[in-house]
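Below you'll find only one chain, the form predicted alone, shown as C-alpha cells.
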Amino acid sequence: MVLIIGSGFAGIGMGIRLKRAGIKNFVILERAASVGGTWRENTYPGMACDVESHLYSFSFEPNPNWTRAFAPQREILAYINHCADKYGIRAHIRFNTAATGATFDEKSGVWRVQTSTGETFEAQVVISASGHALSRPIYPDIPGRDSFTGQSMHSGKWNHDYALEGKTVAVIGTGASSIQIVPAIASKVDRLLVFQRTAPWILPKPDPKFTPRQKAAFRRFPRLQLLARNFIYWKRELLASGFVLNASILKLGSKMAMRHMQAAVRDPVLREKLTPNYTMGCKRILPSNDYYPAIARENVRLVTNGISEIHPHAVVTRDGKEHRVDAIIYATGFEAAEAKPAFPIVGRNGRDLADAWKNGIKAYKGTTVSGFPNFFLIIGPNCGLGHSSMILMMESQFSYILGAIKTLRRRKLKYLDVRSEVEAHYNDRLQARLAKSVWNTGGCNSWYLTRGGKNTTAWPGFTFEYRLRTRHFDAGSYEQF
C-alpha cells in the first residue's frame, strides 16, 4: 500500500497520478475535514495566487473558467475540490486523521504510521505531501506579545468572526500576505498601522478579468489555453535567469518597480521608506496594483522604526512611542528554511528525521533522504521557486516517485534507500550553485535562508532543468533490498 500524508495540491495530484498508472491501493491521510491544504487554511481578505491561474494548475487538468488572470483563494480551493471529485480521489481520503508518528521496519520493509484516531497504517511507501513550508505559522519573538489583550491573529489563521470596521489595526510584516491584506482592509478600518522591517520589491500585477467570450474560447479551443500557459511559463523562466545568473533582467525589473511606486506614492518621505535597500529577487518579488495606493491613504501609516515590545493595548517601537491598537495581524509568514518534521519519523537503525536534519533540512532532489527508505517528500528541501508555479515542481516529483514505486514492484524489492554519498554530493553541488544566487548574495535576510545563512529552500535553476533531473527514476543512486 501507498500512504500519502496531506490532501492539498501535492496529495491530490499524487493520488491522481497513482490512479492513472493503475495503482489503486493507496490512502491519503488528511488532518482536517476537507481537502485544500494551504488554500483551505489561508482565508485572509484579499488572498489570491501570485502566479497566473493558467500556470498555477495541473497540466493534465486545465481550467477554462478562471475568472481572472490571478485566481483568488476561493477559486483555487474549488479547483482542488473539482480535481478530487473528477478523478475519484475523495474515496481514498481519511479525513480528520492526522499522522502522529512513522516508524520503518527494516525486516519487513514496511512503514507503520500512527494517527490521531489511534489507528495504525502499514504501508510499503509513505509520501509526505503536506509540505515543509506554508503550513506552520511563524510568530515574531517580540517581548510582551502574549500580554496583548486585544484581538490578535496570524494571516494563516484568520478570525472571520472579528469585525475590523471602525478599529485601529496593526499589521506586522510587509511580505506576500501583507500586500494583499492591507489593500483589502484599509478602507474598512478606522486607522491602519503597517509595521515594516524591510521594504519589498513590488511590480505591477497584470490581473484582468476574463470575459465570457474569452472563457468560451478556452473551452472550445483547448490549445488556445495551452498557448497562454506556455507563454506565461517561458516569461517566468526568463525571470529565473536573474535569480541564478544575476542577469540584467533584475535591473530592468528594479526600474519598473520604482516607476510603479513613484506613480502611486507622491510623498517623497514615504517613497524613501518604501524603497528596498537590497537587490531585487533576494526576497520574493511581489505583484500588486493596490498596495501602494493603500499605503498612501490618509488613514494608513507606515511605521519603520522597528518594534521593541508589545503592551496589553499597544505596539511599542524602538523610539519609545506607544501605538495603541485594537487588533494585531501578524503577516509574518511560515516556517520554511528552519522547518522540522511535523511528527516523529524514524527510519533505518532508529534514526530520527529531526536529528538527521539538525544541521539544516536537506534531501536528494528534494524528494528522498538517506536512511529513510521508501519515504518521499513532495516540495521538500530546495524545491522552492521565486519565479514560477510550484505545481510544476510537484508534477516533476510525481513522475519521479511513480518511477520509484514501479521499480520496487518490477524488481520485487522491499525498499530503496538513496545512498548517503549520492545525497551528500547532490547537496554540495546545490549549495555551491546557491552561493552565487541572488538569494544568497542580494544583501537581505529572507525566509529562503536559515539563521546561519544556509539556503535550504530555493531551487537554484530553471524548472525545466528540475523536470529533466526527475524525468526518470535513477535506481543506481539507491541501495536496493
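Not measured: the values here are computed from a predicted model. Position 1 is the first residue in the sequence shown; the rest follow in order.
Separately, the form predicted in complex with a small molecule exists; it is not shown, and the next lines address it.
S.K.: Decide if the three candidate residues 241, 382 and 428 all line the small molecule in the model of the complex, where lining means a heavy atom within 4.5 Å.
M.R.: Not a single listed residue reaches the small molecule in the model of the complex, so no.
S.K.: Only one of 447, 66, 58, 415 gets a heavy atom within 4.5 Å of the small molecule in the model of the complex. Which one?
M.R.: Answer to the contact question: 447.
S.K.: Under a 4.5 angstroms heavy atom criterion, identify the one residue in 276, 173, 183, 347 near the small molecule in the model of the complex.
M.R.: The residue from 276, 173, 183, 347 that makes the contact is 173.
S.K.: Since only the chain is shown here, I'm wondering whether residue 397 would be in contact with the small molecule in the model of the complex (any heavy atom pair within 4.5 Å).
M.R.: No - in the model of the complex, heavy atoms of residue 397 and the small molecule never come within 4.5 Å of each other.
S.K.: Taking heavy atoms only, is residue 72 within 4.5 angstroms of the small molecule in the model of the complex?
M.R.: Looking in the model of the complex, residue contacts with the small molecule do not include residue 72, since no heavy atom lies within 4.5 Å.
S.K.: Is residue 371 near the small molecule? Define near as a heavy atom within 4.5 Å, in the model of the complex.
M.R.: Close contact is absent here: in the model of the complex, residue 371 is far from the small molecule, nothing within 4.5 Å, heavy atoms only.
S.K.: Tell me, yes or no, whether residue 249 is in contact with the small molecule in the model of the complex, where a contact means a heavy atom of each within 4.5 Å.
M.R.: No - in the model of the complex, heavy atoms of residue 249 and the small molecule never come within 4.5 Å of each other.
S.K.: Considering the small molecule in the model of the complex, find the one stretch among 420-428, 450-458, 25-33, 49-57 with heavy atoms no farther than 4.5 Å from it.
M.R.: Careful reading of the contacts points to 49-57.
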